[in-house]
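The data below hold one chain only, encoded as structure tokens and taken in the form predicted alone.
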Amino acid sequence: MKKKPEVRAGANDFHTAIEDAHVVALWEMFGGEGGPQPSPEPAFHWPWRVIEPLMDRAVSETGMDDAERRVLSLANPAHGRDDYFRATTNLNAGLQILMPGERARPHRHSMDALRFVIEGKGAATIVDGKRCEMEPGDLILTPAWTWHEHVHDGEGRVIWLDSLDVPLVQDMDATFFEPGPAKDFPVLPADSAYTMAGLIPPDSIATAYSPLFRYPWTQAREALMATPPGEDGSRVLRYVNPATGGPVLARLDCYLLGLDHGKPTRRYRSTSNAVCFVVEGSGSSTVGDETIDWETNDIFTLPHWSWISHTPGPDGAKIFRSTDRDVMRRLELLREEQE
């Protein structure tokens, strides 16, 4: 039983009285300054040269019999080390590794998740019974409450970036998890049914997630290069649900950024947050008062309401970006500005 509020004897001081009543004087807490405030969270950078040596050590530390998933979760120190599911506001990220002959057993959960393959071949993710081969640069979706498992029948290690909306779902207190075996999943159309832009099967069901679970890098890269550049030379491509034209997942929105010229992109800021993975090239990003120098396979964050600009190196760059942008849009909380 919860303890009832008690008023201390002689509590005729206003602040003592309201403390006893578990209320606060809002006018003392809110200064009335309008408009979004600068993000209290700085951008954070995980260089591949620092993280990569830890991958083999992770394998030596644990086998798949002892781990639900062998993942090094990227814990942003701005949120405290104990909050290891938060790479940035609303998003978490991690690096998962699978060795030949290994299998990560099936499960499902209420969080949306995606896999962006970094290294290796021969592995596959099985989503609601559909096998999705995994090759470098491929985007693999595991939507909320779909059964998924990972298998590796090839040679050499396979590493991919995990990105999920764990912090958002946890903040909503809506986390659910169910271990396998997989069961009762729907019969899904083959990916080949969605390979021609503008054409989909007439019986496609418009779900909150894309019926296309694998987006191959070869196709994404070709489409990016065919996209006309903006005034600042950058190219932007959005991964979409072919049945709706919306985001690929209900709470994760994905983009591919191509930087072809040596000049900075236009500065912008947004109330959305992002986790970035450098697929190709090198360069730097100015986020608020910080400048991050990045190269291939590095990971860094773009926290909300920080002024952002990217400058590619001499050979250009390609960056994969996972964001909560469409969640913010649907909640009517998305605000974006450019200079």
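Residue positions are given as counts along the sequence shown, with the first one as 1. On a predicted model such as this, the values are computed, not experimentally measured, just so you know.
Omitted here: the form predicted together with a small molecule. The next part is about that form.
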property	result
Candidate site Asn92, His109 and Leu164: all three near the small molecule in the predicted bound form by heavy atom within 4.5 Å	yes
Listed residue (Val236, Ala78, Ile126, Val71) with a non-hydrogen atom within 4.5 angstroms of the small molecule in the predicted bound form	Val71
Sole residue of Arg115, Arg251, His152, Arg214 within 4.5 Å of the small molecule in the predicted bound form, by heavy atom	Arg115
Stretch in contact, per heavy atom within 4.5 angstroms of the small molecule in the predicted bound form, of 179-187, 258-266, 130-138, 92-100	92-100
Proximity of Arg86 to the small molecule in the predicted bound form, heavy atoms at 4.5 Å	no
